[in-house]
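A single chain, nothing else alongside it, follows as structure tokens in the form predicted alone.
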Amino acid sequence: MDRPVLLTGAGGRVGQAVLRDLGPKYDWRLLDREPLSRDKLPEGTSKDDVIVADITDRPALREAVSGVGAIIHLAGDPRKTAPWTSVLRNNIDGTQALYEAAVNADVEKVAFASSNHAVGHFETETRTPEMYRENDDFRLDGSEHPRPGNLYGVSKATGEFLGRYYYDEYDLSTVAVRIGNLTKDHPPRNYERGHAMWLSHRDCAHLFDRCIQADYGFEVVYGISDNDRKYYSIDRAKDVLGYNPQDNSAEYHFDGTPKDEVPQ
């Protein structure tokens, strides 16, 4: 990518995972509703590269997208219990405003941070907890329709549909990444579902790197590490994006400690 990359929601958990690992690889332009401290900026990026604005601020978005080649869109209300008024404004209106600005600025591609909550109601009482275990063959692969588990999931499913529309109508390449459970140094502790949908920080950064580099039209992929226990298929991410995850929750005990850790 020879043009700048815009990252919205740069100060959040996913944004920081991406920036810490990819660092100076790209010419970043960062947008967040709060100013970013020096320790949140990657090498080669200064406060002059940061736009402090709400994701629904359309004039600020026009400034943010000007001249960029790709967008990683993470901004929004991340709470799974977020009320409708918030997800409508921050996650739906904000995402539509971003896509509109991207089209008008001739941006090449958008990687949209969707969520496992967009398909949360596939986890029915008859399927769980067995679907979180290695011997269960149930898989979601991104071809299924959303089945949101909460209003936050509804907003993420809507974001996917917005991406579909802007690709079909304006040929804006879009990949929606249904992110699993992101934690830094180990899978979620004592949480079977979390082990099945773990996404490590380095795999997260690598996945969004591939979203910037790969060629695609419209895609929905799952964002998890290459866990032995999984009910999300990552085959599409591998085939289309060239995703090559390095981590696996099976390499950790249920309490999050590495299996190869030498006792003290």
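Not measured: the values here are computed from a predicted model. The numbering used is simple: start at 1 and walk along the sequence shown.
There is also a form predicted in complex with another copy of the chain; it is not shown, and the following applies to it.
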Determine whether any heavy atom of His186 comes within 4.5 Å of a heavy atom of another copy of the chain in the predicted complex, and answer yes or no.
-> no
Would Asp168 count as touching another copy of the chain in the predicted complex under a 4.5 Å heavy atom rule?
-> yes
Does another copy of the chain get within 4.5 angstroms of any non-hydrogen atom of Phe161 in the predicted complex?
-> yes
Answer yes if any heavy atom of Asp93 is within 4.5 Å of a heavy atom of another copy of the chain in the predicted complex; otherwise answer no.
-> yes
So which stretch, 69 to 77, 106 to 114, 149 to 157, 188 to 196, is the one near another copy of the chain in the predicted complex (non-hydrogen atoms, 4.5 Å)?
-> 149 to 157
Using a 4.5 Å cut on heavy atoms, which of Arg33, Arg236, Arg202, Arg58 is close to another copy of the chain in the predicted complex?
-> Arg58
